Ligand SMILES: Cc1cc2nc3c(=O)[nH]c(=O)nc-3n(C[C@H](O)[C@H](O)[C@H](O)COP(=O)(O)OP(=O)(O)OC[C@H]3O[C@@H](n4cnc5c(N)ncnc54)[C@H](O)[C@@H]3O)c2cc1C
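Single chain ahead, by itself, as structure tokens, in the form predicted on its own.
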Amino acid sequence: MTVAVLWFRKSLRLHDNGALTWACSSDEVDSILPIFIFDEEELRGEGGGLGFNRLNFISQSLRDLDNRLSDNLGLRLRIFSGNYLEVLGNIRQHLEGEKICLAYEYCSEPRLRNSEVTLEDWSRISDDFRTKSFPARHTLLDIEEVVGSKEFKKPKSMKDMEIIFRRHLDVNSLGFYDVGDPLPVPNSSKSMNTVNLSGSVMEISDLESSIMRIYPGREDDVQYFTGGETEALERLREKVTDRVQFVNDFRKPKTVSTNSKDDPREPSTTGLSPYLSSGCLSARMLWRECEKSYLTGSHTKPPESLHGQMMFREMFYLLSRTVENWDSDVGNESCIEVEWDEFDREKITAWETGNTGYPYIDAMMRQLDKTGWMHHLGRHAVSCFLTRGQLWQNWTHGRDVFERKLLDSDWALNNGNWLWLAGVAPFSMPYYRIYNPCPDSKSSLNVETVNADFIRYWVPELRSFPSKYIFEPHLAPASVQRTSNCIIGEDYPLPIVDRKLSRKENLIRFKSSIQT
């Protein structure tokens, strides 16, 4: 009989998990050993590893996964840190004499795909170890199948994605693309493999303590988004299943960037992106729940609808799989090579810490640091500000900050979004569409400006500022600054650049880049 070493990678959940379902149902599997492996780089801390919110979210997700494995299947999750081949080699030694099948979902991300090729070679060393991979269920399409098809062309628009979906998915009797039903949580009578791995296993409590050592100043922080499948399913119910009209009326560009009226931390969208990115929630389950609402009456259509947004997500997965150097500004066919300024630490630091002197930009970046999340229009604004709008810094610098801090950061999507918003990709908005970092009530950034509670919450220095001046506080008369207990240039920064002058200069520079 065989020990199934179940490697959780992009699906930190029990529902819609192909590898888990196979391990629980296969007649050849006698016992199961669920594992998760941290890359050592992810635990380095500031400047290299994952940010506090991301690490904490993953830690919470792993604790929830362990609890659910125990409650539903009588299994326990083993957590490791280090080179995956060394970790698997250690497990292999401890399971000497057993037949081992390493079960995992294959992934289109190059770093993960390369590891899979190595694993296949490694498994040929002896008969006691083999691998079994399953199509990744964090996407609606089988990415490898789509890019391997003869008719595949790299998509650049929703029209292109509609063509791809029609070619690879049936349309069901209800008129929707049939992405397939999410797999249910499996039943299992398989035993937990109890091999003694002491000394190499990281307990979840150890991981939590490690995070606090890496980020000692964050021990009192309360995480707004709680990680885990349990929380993901509850948020799905609250934000989608129980809000039929919201789903049917949903238009992504019309949602408010400054969050819920009652809570500056709660998104005006579903807030499900961290759970999709981490694999706590299946994309198929979200698709099906939206479909249920659509069946009740008229509803929005792609690209603005929730289904449309999920299709855009697939587009970036396809491009990231097929565009060489997807994460680079050089040798990337989806990136105009712009001569950005040299790395400016002062500008980058001011932008990352929310101290640019532009309250809308600063509020967004402070929200990111505290919660790990930001509305998509906020991302539009801060990325435009950093790159072609005001600071003329390379988009890869902003990408790296988002990679560390965003809960929903995903290699394919993060790079795709920055390429798009820096204006350098074929699918980008026109380069001359530059967001005003001091938005008014008519701005396409959809900002609440009457009370400006979002600004007051995230930039408390300006809490007493009148709304008339709060988006450009440096223009407030000295008397207003004094009565508001905030002197600009002392209690809150002066603007780091002249937004109008920098915009004008950068438009000229970008146009020159296109013409050369």
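Note that residue numbering follows the sequence shown and begins at 1. As the structure is a prediction and not an experimental result, all values here were calculated from the model.
One more form of this protein, predicted together with the named molecule, exists but is not displayed; see below.
| said: Using a 4.5 Å heavy atom cut-off, which residue among Glu109, Glu229, Glu352, Asp410 comes into contact with the named molecule in the predicted bound form? | reply: It is Asp410 that has a heavy atom within 4.5 Å of the partner.
| said: Exactly one residue in Lys405, Lys190, His138, Arg379 has a non-hydrogen atom within 4.5 Å of the named molecule in the predicted bound form; which is it? | reply: By the 4.5 Å criterion, the partner-contacting residue is Arg379.
| field | Leu272, Leu306 and Met374 all contacting the named molecule in the predicted bound form, non-hydrogen atom within 4.5 Å | value | Yes: each residue has a heavy atom within 4.5 Å of the partner.
| task | Consider Asn417 of the chain shown here, and say whether it contacts the named molecule in the predicted bound form, taking contact as heavy atoms within 4.5 Å. | result | Answer yes; at least one heavy atom of Asn417 falls within 4.5 Å of the named molecule in the predicted bound form.
| 4.5 Å heavy atom contact, Met310 and the named molecule in the predicted bound form | Close contact exists here: in the predicted bound form, Met310 approaches the named molecule to within 4.5 Å, heavy atoms only.
| in the predicted bound form, Ser383 touching the named molecule (heavy atom, 4.5 Å) | Yes, Ser383 is a contact residue.
| query | Is the gap between Lys252 and the named molecule in the predicted bound form 4.5 Å or less for some heavy atom pair? | reply | Contact with the named molecule, yes.
| Heavy atoms within 4.5 Å of the named molecule in the predicted bound form: which stretch among 436-444, 178-186, 311-319, 77-85? | Going through the listed ranges, the match is 311-319.
| task | Would you mind checking 84-102 for residues with a heavy atom within 4.5 Å of the named molecule in the predicted bound form? | result | Not one residue comes within 4.5 Å of the partner.
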